[in-house]
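In the structure tokens that follow, the same protein chain appears in two forms, which are kept apart as structure 1 and structure 2.
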Structure 1
Amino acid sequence: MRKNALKTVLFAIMALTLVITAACNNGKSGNSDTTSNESGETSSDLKPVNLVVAFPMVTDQKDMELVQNEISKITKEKINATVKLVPIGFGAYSQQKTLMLSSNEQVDLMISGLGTHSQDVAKGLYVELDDLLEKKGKGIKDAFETTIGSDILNAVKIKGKTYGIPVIRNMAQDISILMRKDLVEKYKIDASKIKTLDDLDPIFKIIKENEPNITPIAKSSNSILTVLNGINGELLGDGTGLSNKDPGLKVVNWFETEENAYLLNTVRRWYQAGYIDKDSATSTETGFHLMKAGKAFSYPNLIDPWFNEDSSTGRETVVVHLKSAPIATSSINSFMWSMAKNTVNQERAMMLLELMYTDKDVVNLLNYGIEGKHYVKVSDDIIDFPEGVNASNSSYFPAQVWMFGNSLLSYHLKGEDPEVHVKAAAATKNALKSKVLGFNFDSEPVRTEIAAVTNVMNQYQVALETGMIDPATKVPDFNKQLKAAGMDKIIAEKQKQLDAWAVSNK
């Protein structure tokens, strides 16, 4: 009896699984059937093709499929291609990229960059784009030309070849300190007088003395200095950098420089005076959240040059611009579009990419969804949520405008500065550019050393940059360990590549 019952249950479950899977597979093949059937209708002489576009996205958008179908209607007509959008969580993106590209799954276009572009190119993840751009992607080049400038597009070349197209967005940013407006007004702080970090001390003192529950300065992302480092030099990764004082291109150990010592001493002074939270090094709350919760008076950040006030945290803040951050390769190549080596059709993928940089409808579908359903037009370029809908309950509102192709083609949400795209284009075009813009380091020859150095940096950097430990005694230890881990070899390799780059770039 028992035996039979068990058997029956087992079989039933097996059968159920089979049916479910069969159903799923049918669903899939059904989809691809319909796409190929539709193809006959277009008069285009292009062969119909379905293109897969993968990108990171923070939350799943419920109506992603609807938007995908809308976009496919446009692409069907213009380039006889349908589109499949594959959003992947930010946390999983780099792993999923590795997996999809090591198998032969179809991926045509994908977001690249995110700090690993030169390694990815060296490992053969992406298709070289120069010829394709020339043949099928003229519009992209023009889009750069007319907005933020072609030098941005050229800066991400690796060994003279293009493997990624940067997103067209504002890249000119100032190293700034955001301060709570209500407190600035309450204590009559003259923000316009702040020119250097030393000017901040008296202000923090006032806050510390009068507002015991508010931290004078909080960190941005990992430490207080993540953003502020740029005041005195340009970091090239792996603990190396170029000093702002040096007119040439001498790669140095950033932690051995006077410029960094000044910054570390400042932070240490702040920490000892109680201007920085004691748990700042390990806290999971950044300045943004502390500001939002009313716990922080200020935090450093990179801010668009024309912004003097900011309220993204839900609190009015005054923006103190300290210095403009030169546009560096690393800020351009943080988000780019690349063509995966697995693409089924290079030319068509390039044509789709061109649409993402030139077609206003495609860009806005990606950014804001379907008109009437996910947004309503207030005027030509200004949109608003439909009634009863807001950013958090909308069934399509990715809020990642800075990721989809040409962000300067996007509509403005009501309340946004309608001139922002013009300002962005002009500011980026005229912005100060890094003297090593276009240099991409190939880490291949020093992989072992980078692995070891990264570990040493993990032990010291954040603790130093939040003032937890004394730079006077710990920096020498730190540098000794960096040396032991092979820092000199990394610097030598970087210098070699940089010199070669400088010669070929003359």
Structure 2
Amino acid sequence: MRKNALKTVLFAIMALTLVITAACNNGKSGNSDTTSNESGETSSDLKPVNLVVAFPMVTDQKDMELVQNEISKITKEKINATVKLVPIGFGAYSQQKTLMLSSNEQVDLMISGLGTHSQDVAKGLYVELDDLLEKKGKGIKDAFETTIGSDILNAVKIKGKTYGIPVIRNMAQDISILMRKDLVEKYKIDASKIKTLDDLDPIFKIIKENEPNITPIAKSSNSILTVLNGINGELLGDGTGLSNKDPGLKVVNWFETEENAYLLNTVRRWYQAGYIDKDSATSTETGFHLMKAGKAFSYPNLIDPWFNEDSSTGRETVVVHLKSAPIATSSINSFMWSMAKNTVNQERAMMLLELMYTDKDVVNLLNYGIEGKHYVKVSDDIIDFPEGVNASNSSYFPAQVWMFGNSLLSYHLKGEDPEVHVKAAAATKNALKSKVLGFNFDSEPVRTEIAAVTNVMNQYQVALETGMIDPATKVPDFNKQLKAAGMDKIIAEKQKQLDAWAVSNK
């Protein structure tokens, strides 16, 4: 979601090449049983512990337990801890996360963010991490400093405290549409002419008429607009946002804006034309799933600005870059790693988290599985699938490099740009940042109103954003219920905090 300072990227790439190389080399696992904390403890000084790590997963991975056991070999040696990996489907993750934490079930590290971070912090679900970072996780801070910048790590603080660690990845991404390359070529579609969402209608019409078993456009996660909402503004959570038309910092009800009306009318038009599946609002199948299965032509996604193709689904795609936007707090804290209040050992959990940001072997086990079984090395940092294995039939290929700690330590798949990590760090460091980068809303004063507004949003938002219901008749009712639930009070509180933040950050 970010606009790059392209004139400086080449110089930044040259400067950062040595930095990234050093970071990767430092992250490689060795045979030492010492840890990176200042106490000088070795694994033999530590009491054995099993740590539970929970995260969302797009597709089931048959060999997850095998990968878990290999990771445990490393963590047993380095921090005398074994690891239990708990993957949860994306559609069920938010609810399951809440159940795990409310039931006091053991979970030590988990993916946080997902649009509810401030609310989760207000509920006391996560451990404050600043002291732990100093004592047992300095490698994490060093990794940010030498790659994408400490400002990214600091942007997620709430009232000056850290409750989540962003994934080290490229934050400079474009709002894009991924389209199947084979069908683009088959129907001689000129993707270079697509500049707006309206330009997609005639293309979807071609697919609808000629490929009746293929959905022209599928949702990216919960809805068609999960990604596309960022085209015309910056969302601030709880149904609020900043409009691109307003140069100031006026917080508005996003569902009352002209920008949102345009987007809702667009997806409604697509739905009525049959370009969106009728059950899209209730289905757990995302565009990634459907394209991988050959059932979707396109879906919205956030893609690195220099990428022209993406084949994580196992199918070559044409990427239509619609818009770059500034790096926003909401994109940084969309996927983070937090320590759950239910952790059995805070210091050891931090030591494991540090390995996820500094240990190349741990990172690549999470990303690609076991060497020789799930991938083979082409060179030191380039891998390929074993013979007869591909992205579709592999027993371990999550295709979620962007989620597991430090993505810049991951191997490159054969065919990928070998400079992609250097480009990612340079693009992120040099990208235009949001005018409210680092603003994190304290939801405690309006916690009751947020719960009520969330209930209303759950009734309407996905159905509207998949085109299933008519915005002309439903949005007025939606906004009426939002107002009754306390939307105005949320906006007033958010405006008050944002104004104070702006004064303190002049």
Partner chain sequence: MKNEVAYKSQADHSKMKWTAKLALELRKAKRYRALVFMALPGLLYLLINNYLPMFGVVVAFKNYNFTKGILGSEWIGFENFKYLFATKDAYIITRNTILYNFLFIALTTSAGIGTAIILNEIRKRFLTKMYQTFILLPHLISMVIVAYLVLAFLDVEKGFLNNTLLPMLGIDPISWYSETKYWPWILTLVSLWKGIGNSCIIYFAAIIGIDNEYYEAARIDGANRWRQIWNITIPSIMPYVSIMTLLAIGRIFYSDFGLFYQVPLNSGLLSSVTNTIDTYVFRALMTMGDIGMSSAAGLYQSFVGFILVVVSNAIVSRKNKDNALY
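These figures come from a predicted structure and were not determined experimentally. Every residue number counts along structure 1's sequence, beginning with 1.
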Exercise for the section: Please let me know, 1 or 2, which structure is the form predicted on its own? Expected result: 2
Practice task
Treating the motion between structures 1 and 2 as two rigid parts, report if Ile224 and Ser112 share a part.
Solution key: no
Problem - Two-part rigid motion between structures 1 and 2 - turning angle of the smaller part, in ° - result: 23
